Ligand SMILES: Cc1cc2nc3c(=O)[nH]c(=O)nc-3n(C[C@H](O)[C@H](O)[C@H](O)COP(=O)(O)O)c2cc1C
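Below you'll find only one chain, the form predicted on its own, shown as structure tokens.
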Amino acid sequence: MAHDICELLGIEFPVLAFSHCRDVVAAVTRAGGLGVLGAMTYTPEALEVELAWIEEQVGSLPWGVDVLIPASLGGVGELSSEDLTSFLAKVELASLFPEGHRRFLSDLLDRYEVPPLADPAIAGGGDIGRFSLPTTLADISLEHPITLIASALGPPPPTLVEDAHKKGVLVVALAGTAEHAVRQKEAGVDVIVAQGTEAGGHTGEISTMVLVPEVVEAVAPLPVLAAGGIASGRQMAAAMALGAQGVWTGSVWLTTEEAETEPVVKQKMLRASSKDTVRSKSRTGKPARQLKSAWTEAWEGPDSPGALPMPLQPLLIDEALARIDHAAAAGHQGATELANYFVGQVVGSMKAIKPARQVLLDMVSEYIDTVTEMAARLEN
């Protein structure tokens, strides 16, 4: 396809696929798109293993890494994420959680009769790696032949931009408003992702249809990718019509054969409608769109103490989520009701499990058909 972004990234199709699953990343890259591994859930040691595996699978083809680097962490006194490790090393982790939050979480698990883990080590014990070591994860990523590194939740640190550019790696940043996009441009990023509120995970409040043209105009001539509510060729064509040079996709890969999604949650997604998601702070402490479940209903309900700020909320609930996932996988009814995951409103159109390669090729084929049909209408 003759798109500037394809030439910039060295890809055949202007489709980028964000996923926490290395198999999805490799499959999309091999099929002509560009897979981007979400690194936030990995320890440095585990990330090294994943990146080495992807590198082996895709060879010289382009791929990337997404590193969650919050601009600040209000839950621990507005510390930068770089300083969090030393801070947490000096305190008792449990002391950071108010008694009311611990009691609410315990009562919630009891109410749904979620059993404890046979091996508590499975939960990671409140692993701080994904929030305390983002710059370490970025450093590890840049030691591999990646094409791009993406930053979410604020402008990337100057050192990240500088280090990436020294290695010839492009820096991508996500933005939920035109103002945020301008700040990303000023920080030196190479590509902006305009992510509408329809998207899964951390999102703002502006729809993709409104946001994309605003961002395109605000950061021109920087290339813009559209994200949020894009899972088909028709939606891809709409994004291009709004001025985007390509699309950044995430939710659509969650029901692929390769996806990391827990089987119980994957089946929930396949049955869900576009109304079955909610922006909730219940998993990360920041508004993140996810599948509605008894979990989100409880945390958003009148008896909830409210989510703690990032990174305290994920640290508080890590073990609870592991208990829920393990019990749900074993068929436990209460845990199944609680189980959920990040996903966008486009979940309503995700009705079948397919290989990631097929999802990409179907999207591109429908995009071509849609654009061809539109061109024919103009000729008439």
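One-based numbering along the sequence shown. Nothing here was measured: the structure is a model prediction, and the numbers come from that model.
As for the form predicted in complex with the named molecule, it is not shown, yet the points below apply to it.
K.L.:
Pick from 273-281, 137-145, 163-171, 200-208: which stretch has non-hydrogen atoms within 4.5 Å of the named molecule in the predicted bound form?
P.N.:
Flagged stretch: 200-208.
K.L.:
Is residue 367 close to the named molecule in the predicted bound form, meaning a heavy atom pair under 4.5 Å apart or at it?
P.N.:
Residue-level check for residue 367: no, no contact with the named molecule.
K.L.:
Could you confirm whether residue 18 comes within 4.5 Å of the named molecule in the predicted bound form, counting heavy atoms only?
P.N.:
Although the named molecule is absent here, residue 18 would touch it in the predicted bound form, with heavy atoms inside 4.5 Å.
K.L.:
So in the predicted bound form, does residue 259 come within 4.5 Å of the named molecule, heavy atom to heavy atom?
P.N.:
Contact with the named molecule, no.
K.L.:
Classify residue 152 as contacting or not contacting the named molecule in the predicted bound form by the rule of any non-hydrogen atom within 4.5 angstroms, answering yes or no.
P.N.:
Looking in the predicted bound form, residue contacts with the named molecule include residue 152, since a heavy atom lies within 4.5 Å.
K.L.:
Select from the listed residues 68, 327, 47, 316 the one whose heavy atoms reach within 4.5 Å of the named molecule in the predicted bound form.
P.N.:
Result of the distance check: 68.
K.L.:
Quick one: name the residues from 263-289 with any non-hydrogen atom within 4.5 angstroms of the named molecule in the predicted bound form.
P.N.:
Nothing in this stretch is in contact.
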